[in-house]
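A single chain, nothing else alongside it, follows as structure tokens in the form predicted on its own.
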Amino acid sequence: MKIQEMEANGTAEKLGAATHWICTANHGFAPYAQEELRRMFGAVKSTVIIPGEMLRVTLQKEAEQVIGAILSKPPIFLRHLFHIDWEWHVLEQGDLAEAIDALSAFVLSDPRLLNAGKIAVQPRKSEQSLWNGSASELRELLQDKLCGLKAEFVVRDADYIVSVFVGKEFVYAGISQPEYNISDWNGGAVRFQREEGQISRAKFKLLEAELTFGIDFTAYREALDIGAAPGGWTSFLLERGIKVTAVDPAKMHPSLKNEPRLTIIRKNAGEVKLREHQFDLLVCDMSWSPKLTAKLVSELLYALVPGGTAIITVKLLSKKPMALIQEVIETFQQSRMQVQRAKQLFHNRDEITLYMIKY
């Protein structure tokens, strides 16, 4: 992986074993993403780019080592990263045009892109950015300057991604294959369009889980939705052709009233009696104490078949979320659940999503 760091005078600085990264987490969770990196790689030096969300991080590891470790054990809070192959210190607003020209020349000189069929240009900017226009306008400008690559410019499913961040004083850029960025969405921000008649935005969590965890929801037969009201997750499961039992004392959305594949139980989850091994999918998105949620769900796991899947959100109501997550995971492990992934999705707020299989 080529490493080059350029400043306004055009000189390159040899970085040695240290590598530099732009790291992004959900707003307010950047400190926990940094802690994940510290636990993985030891010493971490960071500079805040966007408070609580984006950091410029220096790791005393080669780029290949960092990427290999992150791919083998995906982090919970680190949503997106890209290796800084190039940076330019802009001293004045008028120097930005020079920086963009230099960036374009750098990208055009990268041999990996000469035969790339599809390239995604993914620019971002800070609120006090040197770039006054929108990120989409910057993308269009860069694509015009990179037309010599003869590639198709796409939003996703690219062969290579050109990541760009324009801040108050620096322009950062990196070129990578999509899997090396954790997410191939720009900054890891997974966007879905709200549909007409959509019950709630909670549906976006399952849509993102479907993509992130590679879950084929159409393969499931019957699901249990704990704490289902008003029905955002239930409606998603029904759309995937799954028979659903929704448990919640509150009312479900009127649009679900005559759904033939839906059974509604207007009770607290702790009061219901279900058939053993009735379901091959269990989901829960309750705004409740995470420890109590884990205990409640664990007591209902008798209704999930061995090999069945559970998707659970864990609300991070503690000032020590990493310790809380470990405690909740241990509760589920004691109930014969194997955690496949624990991830703070873009559509999670103060929570994470657990993807688990019963053994």
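Remember, predicted model here, so these are calculated numbers, not experimental data. Just count from 1 along the sequence shown to find any residue number.
The form predicted in complex with a small molecule is left out here; the points below concern that form.
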Triplet Gly227, Trp233 and Ala269 all within 4.5 Å of the small molecule in the model of the complex via a heavy atom: yes
Among the candidates Ile49, Val44, Ile70, Leu296, the residue which, in the model of the complex, approaches the small molecule to within 4.5 Å (heavy atoms): Leu296
Partner-contacting position among Ser126, Ser109, Ser200, Gln143 - heavy atom within 4.5 Å of the small molecule in the model of the complex: Ser200
Listed range touching the small molecule, judged in the model of the complex by heavy atoms within 4.5 Å, from 325-333, 288-296, 33-41, 54-62: 288-296
Distance check, Ala97 to the small molecule in the model of the complex, heavy atom within 4.5 Å: no
Close approach of Asp248 to the small molecule in the model of the complex, 4.5 Å, heavy atom: yes
